[in-house]
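Read the single chain below, which is given as structure tokens and is the form predicted on its own.
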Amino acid sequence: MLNLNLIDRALASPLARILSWPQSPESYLEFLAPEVGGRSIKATVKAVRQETSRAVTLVLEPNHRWNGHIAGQYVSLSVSINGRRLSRCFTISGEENGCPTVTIQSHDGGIVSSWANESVWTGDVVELSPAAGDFVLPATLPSRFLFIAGGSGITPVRALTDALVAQAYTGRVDILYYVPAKADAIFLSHLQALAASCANVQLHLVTTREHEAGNLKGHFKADHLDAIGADLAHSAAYVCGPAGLIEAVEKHWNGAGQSERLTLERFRPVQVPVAADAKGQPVLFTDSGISTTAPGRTLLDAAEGAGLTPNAGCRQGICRTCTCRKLSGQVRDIRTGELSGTGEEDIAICVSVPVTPVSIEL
């Protein structure tokens, strides 16, 4: 069996650097064996499984640099599509024979989600980030869990539920799952099988457009919690899905004084309004010698508007693909409203808006 750690050590040797000059040893290995080469986590697509008409599960076999994950975490998945490297974040929905899986639902204008649903093939090689995220089970398990999901927000919920079942958890688990119609429910058969085999797991499917006898209907409301016998004061609650669902759930938990029992996983960050003057702040991209202004726009938007093509992935400040060196000036994080320092530092330009004149290495 090939000792990949030994290969890594050989690539780092001075002789390898000399022989491969002017390129790096990793670049040659990546060309010859893309699933191994480079210094990143590469994964081969071992299987593609259709979940619904708009969602597929990819079974990924990572190389030796993969360090595993905790149920509920996500990865940044990077692919090359039409010559462009794109990165998006997806929850690890499960594990099959030691291989992590990601489940991707297509949406309008989604380049990576469309690729996954229409163009991916077994044997394709993708790049993964290490697993990250804190949408995970607590160290001490409470007596009840309430999972609320909308659409593809079911992916971490499935992972968490599977983890509880694997631990032989005996407390009550309620899954309140919102979909437009029953046919849109990802993992429906899997979740139904869990509910049938585990008396403590209950699946409550809610259709927002389709009216089927016996199902709860419409968007989230307090009546749905009453209908399933939810106990907010004694349950660890988790919600993942569209912004409207999360906002409604968060508002209800806040009103009930139980916000500390609610864990959120957002598809997109909450953006704090950023005040900007009419002219905007001047931005200098030092490597390109291009100057522009960014009235209320992120530095990524400003760069692209100026004709630059910076690396970018999730555009949510998660994958860090767009990280650039700020040389001077102050920016505000649109997710938190937090101000940066005025000196040199690395920033994610997709979530940074200048509040003073700024210089960026780009």
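Position 1 is the first residue in the sequence shown; the rest follow in order. This is a predicted model, so every value here is computed, not measured.
Here the subject shifts to the form predicted together with a small molecule, a form of this protein not shown in this document.
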Answer yes if any heavy atom of D223 is within 4.5 Å of a heavy atom of the small molecule in the predicted bound form; otherwise answer no.
no
Taking heavy atoms only, is F90 within 4.5 angstroms of the small molecule in the predicted bound form?
yes
Residue-level contact is defined here as any heavy atom of the residue lying within 4.5 Å of the small molecule in the predicted bound form; does T161 satisfy this criterion?
no
Decide whether Q281 counts as a contact residue for the small molecule in the predicted bound form under a heavy atom distance cut-off of 4.5 Å.
no
Please name which of the stretches 230 to 238, 188 to 196, 251 to 259, 102 to 110 has residues with heavy atoms lying within 4.5 Å of the small molecule in the predicted bound form.
102 to 110
Looking at A294, I318, I41, I334, which is the one with a non-hydrogen atom within 4.5 Å of the small molecule in the predicted bound form?
I318
Tell me, out of E127, D184, E265, D124, which residue has a non-hydrogen atom within 4.5 angstroms of the small molecule in the predicted bound form.
E265
Where do C319 and G83 end up in the predicted bound form, Cα atoms closer or farther than shown, with a change of 3 Å or more?
farther
Which is it in the predicted bound form for the CA atoms of H69 and G313, closer or farther than here, knowing they shift by 3 Å or more?
closer
